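Given next are two forms of a protein chain, the same chain in both, each as structure tokens and marked structure 1 or structure 2.
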Structure 1
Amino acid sequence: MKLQTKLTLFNAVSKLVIVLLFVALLPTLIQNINRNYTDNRLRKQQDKVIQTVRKNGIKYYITNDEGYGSYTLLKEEYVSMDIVPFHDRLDTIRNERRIVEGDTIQYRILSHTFVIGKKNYLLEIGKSVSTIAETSGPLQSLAFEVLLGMILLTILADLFYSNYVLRPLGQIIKTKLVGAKFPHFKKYEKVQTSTSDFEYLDSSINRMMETIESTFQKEREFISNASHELMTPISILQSKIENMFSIEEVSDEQKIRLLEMQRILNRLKSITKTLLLISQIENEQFIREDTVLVTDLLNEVYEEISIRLQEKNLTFEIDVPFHVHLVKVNKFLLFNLFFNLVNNAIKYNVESGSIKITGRREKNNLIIAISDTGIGIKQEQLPHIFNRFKKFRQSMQQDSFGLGLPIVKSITEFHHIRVTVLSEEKVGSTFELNFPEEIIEG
């Protein structure tokens, strides 16, 4: 999940939780507020009534010891005064039910006793509770709506702000990391940001990539230069040996020794040529502009290599039942790719074994598999078979220096072909080449 999504999600959830908590507590809160308010109001009214009573005299309200009572028309509030025994002392506010004209109504009642002229009076001021509850409901839903609106507003604000603040991070990921072709990096373009952390991240990534690239560059240059430099001395030795061959005085015995030297030199030349080829591929010095028919290419490889099949009495079968062209490829390299794979299939095959090249379409990709009935590759060796100079002596009949598969790897990477290997010891190996859609036509 993206950082921005996570942040927005967290913000939204946390705010929602807070609001729900608030809304759940709202009835109690409102009730408390209302009660306090009512109680305060009742006290004020109590003071007012007592002041009025003192001013007007109690007789104005109570005559012949009869109580005084007054209800408003709506029965929401009432005031009553009564004479109570002298020892009764009260000063409370509580909820009580009263029956007024046949209706049972819940009242918040202030009961207060006061003494005027050696008589004890009880003052009661009541306020209907239903009016209190009535205000609580709308208040609650209003609070909920206002809060919900505010939450949506803040989530949107969060989203926009995090989007704005995190944009440089997204850019760093998109332009520097995703799709960066290792180790060929694009030219450094500073990501525009005022956030120092991102600036630091961007410059650090860039520094690391520069280091990696320069190391790779140095390695490639070294291999390329070393191979080039080796070519001249090899050339001199080769010419010297060739010239010695044509000297008549050189005996056949000496010539056989010269031949041995020539073989060793050829081995050296082959290694140098291979390294040079790999470094040239990795330096992208080949042009991908050829169009080749897959079956033609495979037949060419077969023609080139058929002599080796005869040596081991191997059967060879090409089963690519369709006309597919590979476009924007380098024919020389693809030829080398198949040549090396088929050559390996021969080299590690058993006497009278077989090699089969099959082709199939999978979605828009093309898969070509080269299978042999050879000695197979040990499971523990499989991850290393494409490593340069990691040589496994599987066959003592043929000698090689383990650069065939690194060539294969370089060529497949150059053409974005995915290569997978399936192998079982003493049963055989299958190299599967998955050609991407963009180089397939037909």
Structure 2
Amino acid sequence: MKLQTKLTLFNAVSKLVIVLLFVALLPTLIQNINRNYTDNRLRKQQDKVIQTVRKNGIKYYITNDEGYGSYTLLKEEYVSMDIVPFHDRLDTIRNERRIVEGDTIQYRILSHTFVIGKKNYLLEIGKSVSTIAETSGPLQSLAFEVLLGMILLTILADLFYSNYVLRPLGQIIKTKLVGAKFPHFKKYEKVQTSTSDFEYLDSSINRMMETIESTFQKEREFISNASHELMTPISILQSKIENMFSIEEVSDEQKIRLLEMQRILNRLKSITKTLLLISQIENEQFIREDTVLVTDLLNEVYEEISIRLQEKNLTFEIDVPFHVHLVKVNKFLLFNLFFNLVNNAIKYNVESGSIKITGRREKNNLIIAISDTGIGIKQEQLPHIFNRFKKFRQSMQQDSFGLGLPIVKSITEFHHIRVTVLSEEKVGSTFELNFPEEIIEG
């Protein structure tokens, strides 16, 4: 899962938790708000009544020591004033029941006593609790809708901002890692970002790439120079051994040993040539200016290697039912590519088995598959079959050079051909070559 997706999910989930918590607490919050608002309103009404009493006198409400009472038509609010014993002192706001015209109603009641002259008066101002609760529902809905809208806006803002902030990271991955052609890297281009962490990551990857490229360049130069230098003494030794065969004093036993030495020298020469070829490919010492017809190329490979097919009584079939030219390629390398794959198909095939080369078009690409009925490759070995060093160690145990597939890999990378392998033990292997559109004509 991408980092941006993770951050967006975390933000969404965390905000959802906040919303659920807020929704759970919302009724209590609304009730507290309503209660505080009602209490403040009752206090203001109390102040207004007291001011009226001070201005107009107590007789404005109390006449002949008779209590005063007034309530609205629906009994939602009421105001009352009575004379109470002098020792009664109240200044409270609480919920209580009152009986008004035979109806028992729950009120939020402000009770306040005050002294005028030598008499103690009790002022009560009440508001129906049911009336207060009527506003709670709409307030809760409104609060929930506003909160939900804010949450959605913040999620969108988080998504936009995380996309903006993490964009340099995506560019680093895309251009510096995924887009890099290992071990040939492009010229360093600094990723534009204001995030110091990404700047450090970008520069660190660049330093690592430079180190890798430098190391591989030295390795390629060493292989090239070593292979080239080894060819001369090997050729001299071969000539000397061949000359020794013509000497009459050399016994038959010595000639057998000379043959063994000659066979070892041939192996050494083949390995040196192969290493030199790989080095030349990786150093891009070949040019791509040939145009070849695929079927002609495959037929040339067949003619070159047909004698080996007979040794194992193998059937060979080419099923490429169209005429496709490959342009801007190196014919010598492509011949080596198919030769090595067919040679492996023969080497690891069973007696009286078969080899089939098929071709098909997928969109604008060309797919050529080389299938055999051989011994197959173990699944754990598949990821390493193109590794020249690992294969080389195994092949030494198998008395084989094991450099055919590394050559295949180098040639496909040189031509931007994608190679995939499907294999099953005791069933066979299929190597698929996916030729890109830019080198296909016809």
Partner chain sequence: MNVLIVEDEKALARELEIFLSGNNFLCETCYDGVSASEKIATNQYDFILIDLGLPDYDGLDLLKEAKRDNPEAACIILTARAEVNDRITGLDMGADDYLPKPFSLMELQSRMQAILRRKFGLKHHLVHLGNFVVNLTDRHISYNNTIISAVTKKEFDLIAYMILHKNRTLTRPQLSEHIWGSVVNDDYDSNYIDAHIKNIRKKLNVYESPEWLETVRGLGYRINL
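On a predicted model such as this, the values are computed, not experimentally measured, just so you know. When a residue number appears, read it as a position in the sequence of structure 1, where counting begins at 1. We call the rigid core the largest set of C-alpha positions that still match within 1.5 Å between the two forms.
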Of the two forms shown alone, the one predicted together with the partner chain
1
Is_shifted Q171 between the two structures (CA, 2 Å cut-off, rigid core)
yes
After superposing the rigid core, is the C-alpha displacement of N434 2 Å or more between the two structures?
no
M150 C-alpha moves between the two structures by 2 Å or more, core aligned:
yes
Core-aligned Cα shift of E249 between the two structures, given in Å:
3.9
